[in-house]
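Next up: a single chain in C-alpha cells, the form predicted on its own.
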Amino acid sequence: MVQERQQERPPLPSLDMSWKTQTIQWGTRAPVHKDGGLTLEAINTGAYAEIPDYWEDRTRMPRGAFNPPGSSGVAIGGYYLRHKSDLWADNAAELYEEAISRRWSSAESIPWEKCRGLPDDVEMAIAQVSTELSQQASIEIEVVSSWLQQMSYGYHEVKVFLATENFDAGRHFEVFRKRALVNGGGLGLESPGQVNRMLLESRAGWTETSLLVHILRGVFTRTVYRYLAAYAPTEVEMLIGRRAAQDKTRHIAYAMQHIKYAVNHVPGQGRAFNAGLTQAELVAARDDADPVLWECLACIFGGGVRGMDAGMKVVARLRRTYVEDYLQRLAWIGIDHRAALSPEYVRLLEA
C-alpha cells in the first residue's frame, strides 16, 4: 500500500536556477582590513563602487541588485531625492564608521554622582540651558527623519550616516533632559522657537535644510557645547559638552561636504544660499533677542549670579566665535557670505 501511494506522487518540477546569473559582477571580493575590519567604504569595489549621478529606481531595491525578470519594479512613491547633488557627500561612509565606533551611553558614560552640591543659581541656570539644548536635539530628530525617507536607496551611505545622526540627536535630547532633572532643578522655559519653526518648515530641498540645521544652527550648538565643556562647574558638564561636541562635529562635516558638492555641481546654488542665509539670520536674531539663554550661560561661566558680569564677557566671546566659525565653514564650502552677513551678525563680530 505504501509503495502504491509513493508511485501516485506527481513528479517534482525541475529547479529554475536562472537567478544565479543575476549579479553585476560575480566574484567581487572586498578587502578586510586588520584594524578597521570590513567597512562600508571597503565594499564599494569593482562595479559596486559606481555611484550614479541619478538614481532612477523608486523602489527599495539596494544599489547593485536586480528587479525581478520581466519587471521594472513597482514604484512605491516617495524617494524624491534622486539626484546625487541632492544629498551626496564623499565622507558619508567614513563618518558612518566613526559614528558607530564612538557611540556612548548617557546612562553609563557620564558620572552623574559628580554633579551634586552646586549653588542653586548655577543649578537653575544649567537646568535652563539643558532645557533649550534638549529641545534643539528633538527638533533635529524631526527634521532629519522627515527628509531621510525621501532619499533614494542608491545613496545608502548618506542614509545610514543620517540614521546615526538621529541616534546622536536622541542621545543629546536624553542627556540634557537628564542633566536638567538629576539634581531636582527641573526643566525650564521653552526657547522662543523661531529657528526651530524655520527648520521644521524648510521645504526648498534637503541641501537648503542641511545648510540651516547643520551650519546655521549646528555650528551654534557645537559652540555652546564646547564652551560648556570649557567652563563646566563639574566633570559632568565637561564630559557631556565634549561628547556632544564630538557628535555634532560629524554632523557638520557631512553637511560641509554635501553642500560643497551641491555648490560645485548645481549652477547658481551658491548665490541662492547666500541670499537665503541672510534671511535665516534675521529669523535667528529674533531668538537671540530673548535674554534667558545668554543670562543663564553667563551665570554658569561666571560661577553664579554675582559673577555674571564676567560671564557676559565670555558669552560675547562665544557668540563672536560662533559667527567666525560659521563664516569660515561657509567659505570652505564655497560660499563667500561675509558681505551678505546680516547686520545682527555683523554686530556680534564687532562686539
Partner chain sequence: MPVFPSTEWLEAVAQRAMADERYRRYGRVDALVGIKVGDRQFRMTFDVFDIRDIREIANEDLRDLDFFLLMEPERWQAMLDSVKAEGHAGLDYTLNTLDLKLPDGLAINAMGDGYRMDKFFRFNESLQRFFDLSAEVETTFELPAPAAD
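Positions refer to the first chain, counted from 1. This is a predicted model, so every value here is computed, not measured.
Although not depicted, the form predicted in complex with its partner chain is the subject of the following passage.
- Looking at His33, you'd find a heavy atom of it within 4.5 angstroms of its partner chain in the predicted bound form.
- Proximity of Arg242 to its partner chain in the predicted bound form: non-hydrogen atoms within 4.5 Å are present.
- When contacts are judged by a 4.5 Å heavy atom cut-off, Ser134 does not count as touching its partner chain in the predicted bound form.
- Shown alone here, Arg317 lies within 4.5 Å of its partner chain in the predicted bound form, counting heavy atoms only.
- Stretch-level contact check against its partner chain in the predicted bound form with heavy atoms at 4.5 Å: of 267 to 275, 77 to 85, 219 to 227, 154 to 162, the positive one is 219 to 227.
- Annotation: in the predicted bound form, residues Val129, Glu174 and Arg179 none come within 4.5 Å of its partner chain through any heavy atom.
- Residue-level contacts in the predicted bound form: of Thr28, Asn44, Thr59, Thr39, one residue has a heavy atom within 4.5 Å of its partner chain, and it is Thr39.
- When its partner chain is considered in the predicted bound form, only one residue from Val144, Met256, Val195, Cys115 comes within 4.5 Å through any heavy atom, namely Met256.
- Residues Gln246, Thr249, Arg250, Ile252, Ala253, Met256, Gln257 are the members of 245 to 269 with a non-hydrogen atom no more than 4.5 angstroms from its partner chain in the predicted bound form.
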